[in-house]
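A lone chain, given as structure tokens: the form predicted on its own.
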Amino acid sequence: MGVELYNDGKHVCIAFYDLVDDEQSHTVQSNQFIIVDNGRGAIVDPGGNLTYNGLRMGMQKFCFTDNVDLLLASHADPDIIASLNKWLIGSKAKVMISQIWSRFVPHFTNGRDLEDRIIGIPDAGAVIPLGNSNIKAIPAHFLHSEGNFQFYDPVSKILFSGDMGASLVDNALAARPVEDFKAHLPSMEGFHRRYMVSNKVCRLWVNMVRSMDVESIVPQHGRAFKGRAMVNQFLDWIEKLECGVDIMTQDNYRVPNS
């Protein structure tokens, strides 16, 4: 079921938190997002085959498939974009992804010529027209993918942050914004220590986000950080987190004995 994150009558942001069945214990909970401006739509991180049917049916209330212009992919993981072939067949949308992944994208398709429908985002990011507004592709390289982007909507002031801020929770909890940051930490700390590359890039990202007008950080897994106070609590935490290569030692690089 779609949950409204923002709606001023012309510009709407919708989240889907429950398209991956909780009963599928070997899968990770995944959020999908739709941004609609004056009838034209963009899907942020459309997901894999587990989410395609539910997303396509659920979005019709907010945006018909024929009105979807863009598929915005933060990176090339299967839970982000494995459903791409179905979207390219079933819509006229173009996919935008980091230019370093754009030549890998056809591996998610049936191999036909898609050159005119795959747009590589340069490392510096891009301003992407949608309806009468713009979406900004924000650099988030190595958080966690080598070529990684987040998508900022200046109208709603929402930063769709991909894996940054992600937490591992069930569907029902994912739909509820974080209320107690300390209580929330156990559901995301291990994920960030493993998936974010280093504290250096976390700090560079935080410096960038602090310069932006962000009301909410909404990740692709788990719960959102809503309101400036909660956004700042997350930024303060991730800015200091040792992660990735910071915590690697020789013990992580040993030949197994058996």
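Residue numbers here begin at 1 and follow the sequence given. Keep in mind that what you see is a predicted model, and the values were worked out from it rather than measured.
Keep in mind that the form predicted in complex with another copy of the chain is not shown, yet the notes after this line are about it.
Quiz item: Does any heavy atom of residue 78 come within 4.5 Å of a heavy atom of another copy of the chain in the predicted bound form?
Solution: Residue 78 belongs to the contact set for another copy of the chain.
Quiz item: Taking 4.5 angstroms as the cut-off for heavy atoms, does residue 104 touch another copy of the chain in the predicted bound form?
Solution: Contact with another copy of the chain, yes.
Quiz item: Do residue 89 and another copy of the chain come within 4.5 Å of each other in the predicted bound form, heavy atoms counted?
Solution: Looking in the predicted bound form, residue contacts with another copy of the chain do not include residue 89, since no heavy atom lies within 4.5 Å.
Quiz item: Taking 4.5 angstroms as the cut-off for heavy atoms, does residue 115 touch another copy of the chain in the predicted bound form?
Solution: It does: once another copy of the chain is placed as it appears in the predicted bound form, residue 115 has a heavy atom within 4.5 Å of it.
Self-check item: Stretch from 34 to 42, 65 to 73, 197 to 205, 223 to 231 whose residues place a heavy atom within 4.5 Å of another copy of the chain in the predicted bound form
Solution: In short, 197 to 205.
Exercise. Establish, in the predicted bound form, whether 48, 126 and 254 all lie within 4.5 Å of another copy of the chain, using non-hydrogen atoms for the distance.
Key: All three within 4.5 Å in the predicted bound form.
Quiz item: Given that another copy of the chain is left out here, which of 140, 174, 159, 95 has a heavy atom within 4.5 Å of it in the predicted bound form?
Solution: When another copy of the chain is considered in the predicted bound form, the option within 4.5 Å is 140.
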